[in-house]
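Before any questions on binding or motion, here is one chain by itself as structure tokens, the form predicted alone.
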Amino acid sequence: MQRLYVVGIGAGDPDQVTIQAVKAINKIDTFIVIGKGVEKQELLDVRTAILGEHAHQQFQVIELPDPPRDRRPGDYPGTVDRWHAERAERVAKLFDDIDGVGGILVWGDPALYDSTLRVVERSRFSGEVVVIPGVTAVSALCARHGIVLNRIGESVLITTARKLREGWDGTDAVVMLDADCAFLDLPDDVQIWWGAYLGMPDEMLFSGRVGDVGAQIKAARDEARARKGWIMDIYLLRG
């Protein structure tokens, strides 16, 4: 394989796939999907639906099992580094067996909180890597709530729940994938705009003061996570 496309496909809505992404998708012979088990079959189904709508050529899909990972490690950076190394090793072996043009579909944008480009770099792929940007979950969240991401002349921090728990100085912040609803520890008057499964049929949206909607968000999140087996969520905070 001499060329690999890493294609951002948005947060889940097939209509969020850009014209540039559609053009790239139709140049790909083999799509590589890193599988995450039966519980996340729906994620594979959404990718399949996107290909069904936008791909008009003959192609194959190869599902690559994801290495196991400790989700609550004591050494977070070290654990993620080892996980990426295992992913890169598996991907490298697969690259050697693919003829033609390969492609990896990435949720949102490949440059924002996604490991695909790091894994490809570590795989020592010798061909050309073409990156296609996508609609981010941040953009999708703001669009669905009908808000502007930043206040006039102000900064926005993009961070994780783990970092939020370590301390928040009140800067407007976007938080990705908060498994434990860290926002519940914030003052009641903090404003939150929250969303999950953005662009998908089960999309959920809440907004308001943490003191008013925080418990509702947690209840809805817990129920959806138990029912579906997975959840991808994001929220914006303003102090």
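So that the term is clear: the rigid core is the largest set of C-alpha atoms that superpose within 1.5 Å between two forms. Each residue number is its position in the shown sequence, starting from 1. On a predicted model such as this, the values are computed, not experimentally measured, just so you know.
If you look for the form predicted in complex with a further copy of the same chain, you will not find it shown, but the lines that follow are about it.
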Heavy atom within 4.5 Å of a further copy of the same chain in the predicted bound form - the one residue of 101, 142, 104, 91 that qualifies: 142
Site test, 46, 66 and 178 vs a further copy of the same chain in the predicted bound form, non-hydrogen atom cutoff 4.5 Å: no
4.5 Å heavy atom contact, residue 156 and a further copy of the same chain in the predicted bound form: yes
In the predicted bound form, residue 228 touching a further copy of the same chain (heavy atom, 4.5 Å): no
Touches a further copy of the same chain in the predicted bound form: residue 18 (any heavy atom, 4.5 Å): yes
In the predicted bound form, residue 146 touching a further copy of the same chain (heavy atom, 4.5 Å): yes
In the predicted bound form: members of 90-125 within 4.5 Å of a further copy of the same chain, any heavy atom: 109, 110, 111, 112, 113, 114, 117, 118
Threshold 2 Å Cα movement between this form and the one not shown at residue 168, rigid core reference: no
Did residue 125 shift 2 Å or more between this form and the one not shown, C-alpha, core superposed: no
